[in-house]
Every structure is written in C-alpha cells, then in structure tokens.
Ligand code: GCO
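So this first bit is one chain, no partners, the form predicted alone, shown in structure tokens.
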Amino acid sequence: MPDPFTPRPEHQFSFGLWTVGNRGRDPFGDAVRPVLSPTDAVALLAEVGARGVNLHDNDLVPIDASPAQRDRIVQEFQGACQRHGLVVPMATVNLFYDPVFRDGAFTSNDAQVRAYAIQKTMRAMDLGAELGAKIFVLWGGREGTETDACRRPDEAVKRLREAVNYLCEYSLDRKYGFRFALEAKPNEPRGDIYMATTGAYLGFIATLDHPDLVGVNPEVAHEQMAGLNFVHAVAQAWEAGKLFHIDLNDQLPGRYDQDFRFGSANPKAAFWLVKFLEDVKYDGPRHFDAHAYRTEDHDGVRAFARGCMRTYLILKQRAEQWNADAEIQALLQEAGPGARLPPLTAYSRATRDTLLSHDFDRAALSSRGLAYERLDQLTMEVLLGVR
C-alpha cells in the first residue's frame, strides 16, 4: 500500500536553496557541512519529493560574478531543474548580507545605497523572471535600527514605499507579472525591524501606488518570535486577499530565529495552520523556510526536508479527520449562533429598528457553557492518534 504521506507535485512543496544549503554556521561556530552547490541542491530536493526550489539572487549567482559567469551559472541551474522536474515558484533578493547594507537597503540614509538596493533588486527580478518565478518576496532584514537617533521612522516608511512603488513599475514595464510578497519580522539581525508584523505590512500595502500587485509572505517563526498567533496573521492576510506566499517552519517564542523543521516545536499550532490553509483551499506554494540542526550531515538534511513535508501531510490528514468527527462537529454546532436576528451585514432602517428594539437576555446568554474544554481535548486526541 502506498505511503499516504508521500509528497506529490500537487502539494506544491518548495524549499529555498538557502534552506537545504544551510551549512550550520551560527554566531558561535563555523560551518559544519560542506558546500552544497545549487545543482546538487536541486537533485537533493527532487530526491526527497519537493516540487519547487526558490532562491535569493546570490544563492545562485555570486554578487561579484561577471555577466558571462552569471549566464553560465543560470544555464546550468536551469538544466538541473529541467532534468529533475523542479520549478522555481518564487525568487527574492539578498539585501542583508553584504556590508553595504549594514544600515539598511531601501531605508538607508545614504541615497546611493538606496539606489543600489533598487538596482540589485531589479536584476534579481530579471533573474527570477528568467527562471519562471511569478512571486517575488521582499524581506527587509536590515531595514531597521539599533538606535532611533539614526533617522525618523516615518522617513524610513516613506523610503520603503518609494522603493516598492518603483519595483512595481519595473515589473509592469518589463511585463514580468510578478506578485510581490512582503515578509515581516520583529527583530534580528537589526535590534528592531520597521515592519515587525504581517499586520503592519497589510496596513502599509494600502498606501502603495499598486496595492493590487502587493501582498504578504508570513513566516511562522517571525510571528512566533514575538509570541503572536501565526494562524491569526495568516487568516487576516487571507481574508484581505493578500496571502501571496507562506514560509513554513517552527519556533519557540521569545528566542532568536530558530527556523526549526515544520511542526517540530509547536505541533498543535502547526495543526491549526495546516487546517486553515486546507479549509480555505489555499492554492499557493507551501514553502519551507527552515534548516536542519547543526548536528546534521547531508543525510540529516534529507531527513529534515522529508520531515517538513511528511508532518504537513500528516496534519492535513488529521484536519480531515477533525472535520469529519461527528462529536466535534456537534459541539461546534451547539456553540454556534443560537437564535438569529435579521442579518446585520448591511445597515438599513429595518435592521436598525429590529436591533434597537430587541430585548437581549444577558443572563441566559452568559450562562450557557460552550464546551471548549471538551472540544480542545478531542482536538488533542485527534492529534495524538487515539481517536
């Protein structure tokens, strides 16, 4: 019997070159794994069953490569993707590693740095379009401060808006058809990053010249670092029509950015996330922005990548079981809306008068138990496989 948790192309699982290529370096220790070339990373991802491979510009092409070197590297990478049947759903740009971005990229005080950052991003968009990507992620890892003495934060927001507006125009001019996905994070590598949460970016998008082209790329770890509920952020983005992409990993609250294997730290939170994505029929890439433990060799990297996808599929099955469980559904029905007033979705004099004249029994409304304890226990039993 085939394993029901084997990834298939329709699951749209993808990994970044920087995920399986992560060498285990951290602030206290050097790399523990040898370099994994982009073409070897493609082969590894195909072996474990992924559908897509994503990249920053410099994950593939070194920042100082000549045009001839760039073209050769891209051609080799395209050939590897074709041989192994992988696609490139998303591309992004590295505006955080090189020292030139030490005080930000789009928000830097230096106008030449800001211009260089836009130029570098346009060239990364050229690369993404050449590889077939339709989503372009922007993560402002250096767009922040250690001290607010350096600039007024409203000036930084204005500079960020100018940059995103310019890049939208470039995509339209080149007919790339990109959908831009903005990725929030509260801190690290800066002490504070300007757009700290997905909600902050949702507010920012409404101020852009082309808000229809711009959405968000929420990441599990980035919201959970601040102790926030990631599912709520994703749901808000979805309800606004702005969930263009998603980064899946795991994280313990209040820690540095850990990028753990998906579901490995908070399986219950991961369950609600998978259930939400499947219930609303999210049809975009399910991208794993995580990396293997520093203890692992490349076999461990394979185990990590397989584990991310397998956990997602297990939780998908558990969500289907939860939705089909008669007792769970009965409890949800009992906790439902009760006696209905006329619909209040649209204001009218009739609904106004009905609402104002209705006599609410507060004591009755507040005395009814909602059975959420039982509902949560049944959820745990579904997750633990005893139901």
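Numbering starts at 1 and follows the sequence shown. What you see is a predicted model, and the numbers here were worked out from it, not measured in a lab.
What comes next is about the form predicted together with ligand GCO, which does not appear here.
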item: Partner-proximal stretch of 311-319, 166-174, 111-119, 135-143 relative to ligand GCO in the predicted bound form, 4.5 angstroms, heavy atom; value: 135-143
item: Contact assignment for ligand GCO in the predicted bound form, among 107, 224, 92, 198, heavy atom within 4.5 Å; value: 92
item: Contact flag, residue 51 vs ligand GCO in the predicted bound form, heavy atom cut 4.5 Å; value: no
item: Residue 276: touches ligand GCO in the predicted bound form, heavy atom cutoff 4.5 angstroms; value: no
item: Heavy atom of residue 257 within 4.5 Å of ligand GCO in the predicted bound form; value: yes
item: Ligand GCO contact in the predicted bound form: residue 103, any heavy atom under 4.5 Å; value: no
item: Contacts with ligand GCO in the predicted bound form - residues in 312-328 whose heavy atoms fall within 4.5 Å; value: none
